[in-house]
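Next up is one chain by itself, shown in structure tokens, the form predicted alone.
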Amino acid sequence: MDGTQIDQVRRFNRTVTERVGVLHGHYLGRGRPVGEARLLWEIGEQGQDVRRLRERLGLDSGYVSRLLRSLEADGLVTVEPRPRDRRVRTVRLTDAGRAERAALDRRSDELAGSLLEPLNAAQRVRLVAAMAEVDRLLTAATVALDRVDPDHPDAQHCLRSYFTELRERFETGFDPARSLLPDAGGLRPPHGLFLVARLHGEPVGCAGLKLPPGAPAEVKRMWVAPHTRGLGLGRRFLAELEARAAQHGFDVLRLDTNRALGAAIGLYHSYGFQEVAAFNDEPYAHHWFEKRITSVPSE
């Protein structure tokens, strides 16, 4: 990795931590560290499961427990087991906690204003646009791709969402039972694999890879949640599936798609796929693509 890029990232991190005040033990002048303040904001008006908070913030269980004990001791939150499943704990703000959260919101607005105030109008526009871009890219870097069984709840969530979208977008609707892959269970080893993308612990995309003996590898069931489109996840899925196919000794990667999926077709072209003659009789396909890849079977 480029050392100059690493240095710039570290310099940016130092500037941000200094300017937003996270170096101080009393964040925003409210007498508590930034970890407790952020937890109050994430809990929100409706409350949150403790496990969800850990996943959202990427914190370990022990640290979150310490933060919650401190907030509970200050009378800002309550932590109680869910009545129907006592293994699941839910944290909620008290009246005092809601007042503290409101105060933190006001101070946060003031801090944001203090960052913008010294700049002229053009500089403010540039800074806000740059922050939006950094936020988008950092969010993209936060997404994790994990190999899971197609029957995993996160995989099933993505597949249901994918099928719902296809039913709405295809002229003829969509029935997975009529497709050439009626059951994603066909994407289990040794004849395939299935990936799920997760952002803050929540499933936001999926992609499968068929690894048929004596035939090219094939991308199947690739979907990205609408609210995470633009983060480059489609291209990332393709790169990961290509690498996995190459590791299994394949030198050709194929896929088919429907004409209604214009953005996906554009992605395939830009990623190096070439349109070819139909290689299957998928009833929902109008375009067929193929890409030559470098086989690198593992030893």
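Superpose the two forms; the largest set of C-alphas matching within 1.5 Å is the rigid core. The first residue of the shown sequence is 1; numbering continues from there. Remember, predicted model here, so these are calculated numbers, not experimental data.
Omitted from view is the form predicted together with the DNA, to which the following refers.
> Contact with the DNA in the model of the complex for residue 60, defined as at least one heavy atom pair within 4.5 Å: yes or no?
Flag for residue 60 set to yes.
> Would residue 35 count as a contact of the DNA in the model of the complex, using a 4.5 angstroms cut-off between non-hydrogen atoms?
Residue-level check for residue 35: yes, a contact with the DNA.
> Just checking whether residue 160 would be counted as a contact of the DNA in the model of the complex - the rule being heavy atoms within 4.5 angstroms.
Answer no; every heavy atom of residue 160 is more than 4.5 Å from the DNA in the model of the complex.
> Residue 89 near the DNA in the model of the complex, any heavy atom under 4.5 Å?
So residue 89 counts as contacting the DNA.
> Any chance all of 65, 69 and 84 sit within 4.5 Å of the DNA in the model of the complex, going by non-hydrogen atoms?
Judged in the model of the complex, 65, 69 and 84 all sit within 4.5 Å of the DNA.
> Check each of 50, 267, 231, 238 and return the one that places a heavy atom within 4.5 angstroms of the DNA in the model of the complex.
Checking each option against the DNA in the model of the complex, the one that comes within 4.5 Å is 50.
> Among 125, 79, 112, 144, which has any heavy atom within 4.5 Å of the DNA in the model of the complex?
It is 79.
> Among 258 to 266, 39 to 47, 245 to 253, 52 to 60, which stretch sits within 4.5 Å of the DNA in the model of the complex, heavy atoms only?
Answer to the contact question: 52 to 60.
> Hey, does residue 147 budge by 2 Å or more at the Cα between this form and the one not shown once the core is superposed?
Comparing forms between this form and the one not shown, the residue 147 CA shifts below 2 Å.
> I want to check residue 82: does it shift between this form and the one not shown by 2 Å or more at the Cα, with the core superposed?
Shift at residue 82: 2 Å or more after core fit.
> Rigid core aligned, does the Cα position of residue 222 differ by 2 Å or more between this form and the one not shown?
Shift at residue 222: below 2 Å after core fit.
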